[in-house]
Each structure stands twice: as structure tokens, then as C-alpha cells.
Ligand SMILES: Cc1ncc(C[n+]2csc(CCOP(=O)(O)OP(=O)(O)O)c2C)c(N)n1
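This document opens with one chain alone, in C-alpha cells, the form predicted on its own.
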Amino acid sequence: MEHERILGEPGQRVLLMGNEAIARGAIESSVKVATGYPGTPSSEVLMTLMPISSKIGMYAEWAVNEKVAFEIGLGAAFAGIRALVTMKAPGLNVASDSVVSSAYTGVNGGLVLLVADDPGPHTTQTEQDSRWYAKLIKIPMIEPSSPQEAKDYIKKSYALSEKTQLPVMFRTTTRVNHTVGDVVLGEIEVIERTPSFEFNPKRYIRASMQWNMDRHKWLLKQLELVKDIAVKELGFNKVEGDGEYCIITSGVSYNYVLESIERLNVREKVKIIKLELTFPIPSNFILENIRGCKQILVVEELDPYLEENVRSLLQKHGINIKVWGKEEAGIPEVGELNPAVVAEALRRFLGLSEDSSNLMRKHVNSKILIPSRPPPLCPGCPHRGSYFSLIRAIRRNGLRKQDVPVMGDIGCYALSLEPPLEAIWTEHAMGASIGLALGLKIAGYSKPVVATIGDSTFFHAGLPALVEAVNKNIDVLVLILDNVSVAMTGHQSTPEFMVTESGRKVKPVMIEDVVRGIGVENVWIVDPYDLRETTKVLQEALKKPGVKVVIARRECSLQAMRKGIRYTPPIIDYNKCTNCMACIRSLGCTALTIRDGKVAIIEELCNGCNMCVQVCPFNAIIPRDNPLAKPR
């Protein structure tokens, strides 16, 4: 198996992605419970552990959302068992209620919370800087800068967690999660513990305000302990060089600093203070190592988190050293950093000529222009059929497309924002489509309102809003786009699966059973490849008052093709084809193209869904072997 290479012998050098290295770190730390919710760039940690989990005696499964995942991990840690919980940055927003309280209860077994931020952003709705959460929650935060550190620091994080009885936030960014590098494997700890849980109301119950104050005092004492243990015992934080120009940095930004000073040939001038424990800020470590510094440059992505802490520390101790932060050094708060940006900041900081950073820019090719290419829905994507049918149903009911708000949600179906569909009006947060639709109707919007939501997103955060709709009998249509997986993040399992990626047999929870169980009376299940029937059902649903749910169920075309489910592409009868382009203009399928001035089908891409067959007004596209979709 591909993932078994992370089970190699200690001392072996293995090429690993950062997320795979984190998975190896969990194995080396004798983690027994690993859970989370899929979200790029964090997904591969659990995807690596799940296929081998039974072999190594680990429970590794996706949870229905991040809050549930964290509570599973916390419960295991209450019992003295080491646990790992993974999520992307917005997932911490979902889990935050439980995470904040966990600082007061503390843990017995080590608990590491992996939070993957996405500067750029590459795949995330916000450029969230989750470092502020550690300060809010008051739990230790560790930041690695490479796959090797990602593995090694996971082990140190479990030691820190158990020595302080606190959950540890392990904050990564995309360039650490997805960077591939040589990783030297370490010893695998063997920790055998019998789960136990003591009755201790003052610690575990938050109903008493006095108890809460007592635990808050305990937490503050533990944070002071963190600084000593992390720095003196576990060796977090490093200093390189002894120049009088000091650079304070952390995480992946450290790599950009290192490359820039080498290219600018200024190593003898600078001292790098690399922070790996970034909450609580290691005040004594910083104060000891800025002695003799003429000026300080803070290099970090996104918010001026370290910068604010450094400025505050210097002011508190009456130290008059000039700090170069975002504004002074010209380091942006938006997007990722890169060596060229950091080199320019260093040039200003060190007073070098402009020629120095110009050479750096040429070296990293920072001026190469790459054409923009918006991501399309895949050929044969069932969501294309769902949205096409919805738009057609709206129009056939005598309404204009611009009169019926379609509230979108998080998932690959959000790509329906692109032409020619341009279907969704909003994409806000996981599960928000239904709640936003309710708000429009409650506010008095007179025309129909539609919420579209994916299967995993529905289970994740859509259920409460649908309960609200049923309870208040609000006139809304919910179109659940069920492609039978968490497709956008790598086709992970949902509660509808019978067997998970770990091989565990589970009881499927079907969406229609849940929907009917909470009281929705008008429920339809359609195949989005059948445009005629799907349109007909949506027309009916749009007219009915009250809560309506249409489940458009068809497996993701990519997943289906991997299983060998693929139909023969249709053919074009050029004697009938008028080159009207209706197929391309209405569907936007990337398997349709123009060749020699005529519409053509790229057979290598086409999965034979036959949606184009159904939209051709002249019956010029002829199906071959797919019985599910016939010409109009």
C-alpha cells in the first residue's frame, strides 16, 4: 500500500508530504484516536492514517463536522488516551465553542489540534489567521516550517500537552502541509494505557461560575509553565547567526528568510530568531536573544500577530529598539509571502541598494505572468445537471432567473458561479445556505427562494437550519446535491457510506430518512442526469408552499470513473448539427469544444452522461449506450 511507507524503520529517510509527516508523527507518538473533518490543506493527514489504522491499532475516521471531531478527541484525552484532531482554518470556527472550554478542563492524555491555515488563499473562502485563536483560547501553539519539523514537533507537542495538561494547537499553512521533502523517521513510542475517567465536577462542569474562575486561574498558571517546558525541556525556538540586525519569524516564513539572506549574501549581518512556540509568546527567550540587536525585522504571513506581540514586549520592558513590521518593511497582510517579497523587505531593513533585490526577483521569476483559468465543473458533473434543471424550472414557471435567489454553500458545486450557469447568489460558510434562505423569506421576500447544499455539508451544518425551517413552516426549497462523497477535498466518506476508508463497516444514514424524520413532508429524489424529470420535479417543488426538499443524487463523475462506471460518449450527427452552440452555451461542459469551426466532443474527457444529448434543440447529438438520458 502507498501509505505504508510511513511505517518505515527508525532512521530511514523517506520522501513525505508535510501532512504525511504529521501522520508519521502521530504514529511515533502512539496516538490511538485520530479524527477530523476533510478540508484542504489538512485532509491528507487522516487520509494517510485511515487505510493503515487497523494495522497499527488506531481509530482513524472522519467525523460529521469539526466540533464533533474535537469532542471525540477531547473525550479520548479525558480518558488518558492520546488523540489527534485535524481541520482547516474555518473548521476551527465550527469547533471553537468546545475548544475554548477545553482549555479550562484540560486533558489527561495528550491532545493535539491540527489547524491548517491557507494564505493565498488556494482553496478557502477566507485568509483566516488562526494564530489569534490560540491567544483567545489560551492554549499553547506550535508552528513547524518543514515536513521534518512537522513530524518531530508533533511528538514534542504530545509531550508538552501531557506535561501541562493542556490541548496543543499545531498550526500549519498550505506550504508546510503540501511541501514534499526528505524526512528521517524516528522511534515509535509504545504507550499502553487503560482508559479511565474520574468524577471531578469542579474540573469538568462549566455550570458553576466560581469553578470557572478557579479553572481560569489554573489555566494562567499552566501557561507560565508552558514557556519553561517548551523552551528549556523540549527545545522549541532557535537562533541562527549573531549579526546586529535581528529577524524574528516563524513557520514557512522562516524558509523565505533563509533563502533571501543567502541570495543577498548578508548572513553575517543578521541574526534569525525562529519562534516555534508562538503562544504563549516566549518572552524571556526573545528578551535574551535581542541583546545587541540594532534593529528588529518581523517577517510573517497574514496578520501582524508576532509584530504586535514583539512591540508590546519591548514597550513593557522599556527597550528602545526600532521594530520593522508590515508597514515599515512593505510586507503585505494579504496573500502568501515568497522569497522576492522577503528579499525586498530585507533590502529596506538592511539599507541595501535596489540592485540587490532586483537580482533576487530575477532569480525567483517573480514577474512571470500566468493566465487566469477559473476552475470548471468536471465533465459529467451531476451538479451541472442539477443547476441547469433548476434554472430551467425557474424560467418554465414564468419567473426570471434574477428574481429567484439561489443561496449556495461550500463545496465543488460552488463552481456553478462560473458562466454559463452563473447559478448561485451566495457562498458564505458551511451550511449557511439554508439559514440565509430562511432569512430572506422571514424578511418578507415575495418570490421563491432556493438553498442548494451538498450532502456532506448538509450533515455537517445544514441540519439545524432545516429543523428551523420545518419548525417555523417557512416557504423555502432546499436542493440537496448528493454526489455521495466529500468530493471537493478528495472524495472522503460521508454518513451515507457503508464502509469507510479505514475498512470499518458502518451503518449508512440516508439523507431522505433524516429529512423525513424531522418532519419535511414534500421530499423528492431525482437523478440530475435526467434533465427532463429533474426540471419537472423542481417546477412542482417551486410552486408548493412550505418546506420542500429535492435530493439530486448521482455519484461524482470522477469517483464513478475510478470505479469503471463510464458510458460511451455520444456522437454528433453533422447533417443535423446547425452549429448553434446551444450545448456549449447552456452547459459549459469542458468535454465539448470547437474543432475546425464545429462543435466536437473530446472523448478522452467525456464520461457519456448525455446531458448534451438532452439540450440539443435539433437532436444532433446521438446517445450510444447510456439508457439514463435520452434525446429530447
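Not measured: the values here are computed from a predicted model. Residue numbers here begin at 1 and follow the sequence given.
What follows is about the form predicted in complex with this ligand, which we do not show.
Item to complete: Could you work out which of G80, G120, P90, G186 is the residue within 4.5 angstroms of this ligand in the predicted bound form, going by heavy atoms?
Response: It is P90.
Worksheet item: Though this ligand is not shown, can you say which of S130, T278, S146, T457 has a heavy atom within 4.5 Å of it in the predicted bound form?
Response: Only one listed residue qualifies here, and that residue is T457.
Worksheet item: Within a 4.5 Å heavy atom cut-off, is Q125 in contact with this ligand in the predicted bound form?
Response: Residue-level check for Q125: yes, a contact with this ligand.
Discussion item. Taking this ligand as it sits in the predicted bound form, is Y413 near enough to touch it, meaning that at least one heavy atom pair lies within 4.5 angstroms?
Written reply: Yes.
Item to complete: Flag H383 as yes or no: does it have a non-hydrogen atom within 4.5 angstroms of any non-hydrogen atom of this ligand in the predicted bound form?
Response: Although this ligand is absent here, H383 would touch it in the predicted bound form, with heavy atoms inside 4.5 Å.
Discussion item. I'd like to check something about N483: if you look in the predicted bound form, is any of its heavy atoms closer than or equal to 4.5 Å to a heavy atom of this ligand?
Written reply: N483 belongs to the contact set for this ligand.
Worksheet item: Which among 217 to 225, 164 to 172, 516 to 524, 405 to 413 is in contact with this ligand in the predicted bound form, heavy atoms within 4.5 angstroms?
Response: Selected range: 405 to 413.
Fill in: Heavy atom contacts to this ligand in the predicted bound form at 4.5 Å, residues of 11 to 41 in sequence order
Y37, P38, G39, in sequence order.
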